[in-house]
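To begin, one chain is listed below as structure tokens, in the form predicted alone.
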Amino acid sequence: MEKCLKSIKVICVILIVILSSVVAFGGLYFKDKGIWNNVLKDFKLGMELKGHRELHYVLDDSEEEKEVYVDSDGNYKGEVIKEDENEASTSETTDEAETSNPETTDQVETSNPETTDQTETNKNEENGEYKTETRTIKANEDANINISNFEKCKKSIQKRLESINLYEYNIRQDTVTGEIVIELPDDENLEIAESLIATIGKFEIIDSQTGVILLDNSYLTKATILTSTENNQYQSYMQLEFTDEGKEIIKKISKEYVETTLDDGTTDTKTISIEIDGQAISRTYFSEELTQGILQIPIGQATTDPEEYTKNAEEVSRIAYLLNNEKLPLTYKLSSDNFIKSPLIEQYMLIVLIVSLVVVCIAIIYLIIKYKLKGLYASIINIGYIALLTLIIRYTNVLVTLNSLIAFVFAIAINYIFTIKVLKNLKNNNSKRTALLNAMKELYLSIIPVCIIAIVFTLMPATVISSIGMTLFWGLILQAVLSLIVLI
């Protein structure tokens, strides 16, 4: 009876190994609309194996003549909004600004088109401290183009990429021209990475009627993310906090940019535009005075869709990160965007596969010759180990790079050495349990440093490094589990 159970166990193990090997190495196919599709998750390949996008950025050399405001010292104070632009902007919907008071509610108002007729008067009366003049506005002023700013831009871009846990990248810079070449994985994070690279991070609160800059980055101290829930809807906010001087300006703004009712019953609304790199993220007015110097800006619409809310929250997080860090001192533009194929895949992958297959075959033949049936059974288990480890790597989002492939081979080698130790103990007429425990004790005491490295690397934020640790970690866990299940 005992021999029969052992035979059934061996047969079941062999069938499971064969099935897992077929799925891991051949794929799992289902028919959908007459087409057979492999539903097995693809490996997450690194740039070395998958290829990458090469983004070439050059300094923006554009320039344009504009009518601008300048103070008595000739400092730029904003771009004059022309009447046709003002008319277009006043027809847009504006949201009432949130304050730190949780009882404040949203209002959606439309500015009165009649206020556009007063644009010139507003410019002359309210901005009398500024004069207007025509200037040639350059994307990059000549005085800012220097090696120091080149290096600042490079470091800022590196920090921005790492802020989204994107550590697999290469960046090169020409210190003479300032040109930057960035190599990035061609994956779902590419669009976000491109946005972070191209965004300067220039924050401004602007008078929507005139174009005068009321506040900029110099008055900003902190940007944080907030979420409100009302009627089962989620709304993402960005909360801005200002310096003492900025608080006084915000207080003044909140009293001036309001909706007022005229004698004839019509409304006159003065609005501000909150902009990042010249792009408005909110156009608003105020219903109460902001005395605490805190401004809350809704990003996106209130939603019950978790995916849409997550997307809005991520956008707020990226904006907040940019505002909490130094803006880029120079403006870059994308010159070229090319996909570079991996030479390793095209030239060497077939050779690597053939060599790997030959090595595996030699290892299996060695076990069979030396340990006969037990060696054959152990070889089958080793093949199952490789198959299961590849499936684990697929579904744990391990980044497959050259380094993680080395870790993969190392894990297989550890399992093979363990197998030989167990077979040697069995050959010495030890029981399976004794052979297993002795082999585990001997092996794991000798690879304690490897286990420590696996755990430490797994916890590292850099994906390239953590993938090495995860490959080793899962390899060791799988080896221990298979030993307990199969060999006992």
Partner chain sequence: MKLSGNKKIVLLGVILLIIAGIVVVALKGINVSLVFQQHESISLLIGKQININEIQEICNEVFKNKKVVLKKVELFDDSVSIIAQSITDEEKSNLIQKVNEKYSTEFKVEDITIEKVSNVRVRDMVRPYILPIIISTVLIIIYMVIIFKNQKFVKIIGKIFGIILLTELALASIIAISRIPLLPIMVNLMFVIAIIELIFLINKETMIINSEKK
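Fair warning: this is a prediction, and the values are worked out from it, not measured in the lab. Residue numbers count along the first chain shown, from 1.
Just so you know, the form predicted together with its partner chain exists too; it's not on screen, but the next bit is about it.
Considering its partner chain in the model of the complex, the lone stretch of 164-172, 226-234, 310-318, 288-296 in range is 164-172 [heavy atom distance within 4.5 Å].
Checked against its partner chain in the model of the complex, the candidates 420, 40, 49, 460 yield a single residue with a heavy atom inside 4.5 Å, and that residue is 460. Checked against its partner chain in the model of the complex, the candidates 187, 277, 241, 151 yield a single residue with a heavy atom inside 4.5 Å, and that residue is 151.
Among residues of the shown chain, residue 24 is not one whose heavy atoms approach its partner chain to within 4.5 Å in the model of the complex. With a 4.5 Å cutoff on heavy atoms, residue 56 counts as touching its partner chain in the model of the complex. Although the partner is absent here, residue 395 is not a contact residue: none of its heavy atoms lies within 4.5 angstroms of its partner chain in the model of the complex. In the model of the complex, its partner chain sits within 4.5 Å of a heavy atom belonging to residue 406. Annotation for 442-479: interface residues with its partner chain in the model of the complex are 445, 446, 447, 448, 449, 450, 452, 453, 456, 457, 460, 465, 468 [heavy atom within 4.5 Å].
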